[in-house]
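First, one chain by itself: the form predicted on its own, in structure tokens.
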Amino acid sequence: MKLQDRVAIVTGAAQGIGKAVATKLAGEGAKVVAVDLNGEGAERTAAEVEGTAVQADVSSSDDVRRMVDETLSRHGKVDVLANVAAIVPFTAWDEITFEEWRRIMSVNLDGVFLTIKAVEKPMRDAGYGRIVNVASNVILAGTPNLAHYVASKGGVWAFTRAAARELGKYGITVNSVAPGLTETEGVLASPHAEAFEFVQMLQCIPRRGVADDIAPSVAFLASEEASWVTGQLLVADAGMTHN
């Protein structure tokens, strides 16, 4: 197993891609810490993967510090951070307020900054770390009704490259995975659910993407097999876009 005895924090683990990532990493041998604002959802995922749960808001520096402190107290280390937590809005450009802009940025981009800052020290002390940030293929497509989301995920990708440059000398890799439209609970409950037919016409593989299609890419970048890969964007969208 690729991640035997590794300790992996997965944010956004209550459902969707985050839950699929937690399940995949556990299946590869990792001890998973399932993190979500939805504490009950995190507990359910943790029970399924025989891991532990932490209720936390990734946009809160206090919550993020507590998340890492609890992980260290239980496991003594943090080997992997998978940043999946995000808000996916559907808002026309003319209707985006600055308050909504900040809400999206605080979770989608500030959360990545805060979690990386929090795990950096234990990873540096260990001389080992794998950080995988989930971006989105919308940064390549400029998808409408998502301007603030596109901006936040573009920031995740750019920050991934910068963090990889800063942290590589400590044995820490930082990469991004960019999923395409994926059939998750959140997407199916939003107007994005109406886009599947159109998106499938643009893909090389003409079917709906599911969360289990994304998790293996995260698992690879979180593993020792990806030790020579850092600062990269791995697009998992059935060939819809090209970077």
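Treat the numbers as computed from the prediction; the structure is a model and nothing was measured. Each residue number is its position in the shown sequence, starting from 1.
Only in words, not in the display: the form predicted together with a small molecule, which the text now covers.
Participant: Out of the stretches listed (91 to 99, 117 to 125, 160 to 168, 146 to 154), which one is close to the small molecule in the predicted bound form, meaning heavy atoms within 4.5 Å?
Facilitator: Going by heavy atoms within 4.5 Å, the stretch is 146 to 154.
Participant: In the predicted bound form, does Pro179 have a heavy atom within 4.5 Å of the small molecule?
Facilitator: Because a heavy atom of Pro179 falls inside 4.5 Å of the small molecule in the predicted bound form, the answer is yes.
Participant: Please tell me whether any heavy atom belonging to Ser136 falls inside 4.5 Å of a heavy atom of the small molecule, as the geometry stands in the predicted bound form.
Facilitator: Ser136 belongs to the contact set for the small molecule.
Participant: Quick check on Val7: any heavy atom within 4.5 Å of the small molecule in the predicted bound form?
Facilitator: Taking the distances in the predicted bound form, the answer for Val7 is no, it never comes within 4.5 Å of the small molecule.
Participant: Within 4.5 Å, heavy atoms only: does Met240 come near the small molecule in the predicted bound form?
Facilitator: Yes.
Participant: Could you work out which of His192, Arg208, Arg44, Lys31 is the residue within 4.5 angstroms of the small molecule in the predicted bound form, going by heavy atoms?
Facilitator: None of the others qualify; the residue that does is His192.
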